[in-house]
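So this first bit is one chain, no partners, the form predicted on its own, shown in structure tokens.
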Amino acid sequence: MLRVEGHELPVSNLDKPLWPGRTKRELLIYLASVGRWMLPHLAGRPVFVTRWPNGISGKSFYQKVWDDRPAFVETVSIWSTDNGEARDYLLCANLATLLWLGQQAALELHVWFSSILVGRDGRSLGTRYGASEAALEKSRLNYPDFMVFDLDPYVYSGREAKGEEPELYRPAFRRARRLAHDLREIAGSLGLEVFVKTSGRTGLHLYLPIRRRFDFGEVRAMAETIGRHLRARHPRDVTLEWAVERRRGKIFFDYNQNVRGKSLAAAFSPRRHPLATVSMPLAWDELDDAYPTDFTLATVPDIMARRGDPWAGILDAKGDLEARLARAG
């Protein structure tokens, strides 16, 4: 039994391996160590997780809705188009919830790009998330805080088995780095700031914080335009192709995550990699020397204690995309 912020949390199977050489105990220690930096990036955002009850070598499944949860776990009622009714989605609002998810072998945490928190720009947006589809579309959850880009290398090392996705490969990651810097330059020319993190797998995630003036459909269309511009600048390196076989040898610029309910791995989330890697926020001057396997359950707590979170206050950097585009036009 753990006592966390006044809550009791039953724990079990602490010696169960979840990654090669890494146990559930080590996962819980990691989450407790980074919680103060991770929780602000989860605040107010619906969460879904990928669970591996028998570790990353076993079967996994996604979970969005929990019927049985402790009293300290907060939820938000959101209209589900697929189910034609409101459903309770989990919010990770405290350390006890974060550790409870770890106890459930939730190795990867994903959060929405929109939030129920009011902030400086959400006062005019609706809060009736579970009333109907129409109410949800007028709500804060339909107006993202971020435009996101996933740079996913499809450059193969040659060691992959037939049909396998590309493995982590240094030449491919170097190409993703170069494109990330160029994307930052494009955003900077509009007076907008971009934040970068490792995906924890093979590529990079870039987040552009924006004021909530556009809905997901509009943000996705703008993200596609930026992707086409980047492809025009780097036709040999960038692809927007959805078919996997047509991405070979290039970096897939994935703008398709800019949809309500879709997500990327949260900042500091562990990933399904044999070395127990973590999706790690970086300062831009760290990027050129960074490699995904540098950031693991074992290394990240010490790194964070030494240098803090380069994504701290990311929402304070929100740009007025409407004004910037009007000025550029």
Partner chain sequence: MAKAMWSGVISFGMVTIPVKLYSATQSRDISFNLLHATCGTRLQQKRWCPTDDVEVPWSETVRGYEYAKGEYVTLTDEDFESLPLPSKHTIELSAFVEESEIDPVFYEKSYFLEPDKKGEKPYALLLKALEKKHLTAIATITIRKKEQLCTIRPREGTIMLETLFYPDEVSAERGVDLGAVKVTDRELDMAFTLIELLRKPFDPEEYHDHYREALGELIEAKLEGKEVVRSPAPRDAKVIDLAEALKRSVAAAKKGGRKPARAAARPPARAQRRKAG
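This one's a predicted model, so the numbers in the text were calculated from it and none came from an experiment. Positions refer to the first chain, counted from 1.
The discussion below concerns the form predicted in complex with the partner chain, not included here.
The closest non-hydrogen atom of D67 lies beyond 4.5 Å of the partner chain in the model of the complex. In the model of the complex, the partner chain sits within 4.5 Å of a heavy atom belonging to T225. In the model of the complex, the partner chain sits within 4.5 Å of a heavy atom belonging to W242.
In the model of the complex, the partner chain sits beyond 4.5 Å of every heavy atom of H41. Comment: 165-173 is the region of 121-129, 94-102, 165-173, 67-75 lying near the partner chain in the model of the complex, near meaning a non-hydrogen atom within 4.5 Å.
Residues from 112-146 that approach the partner chain in the model of the complex with a non-hydrogen atom closer than or equal to 4.5 Å are E133, E137, in the order they occur in the chain.
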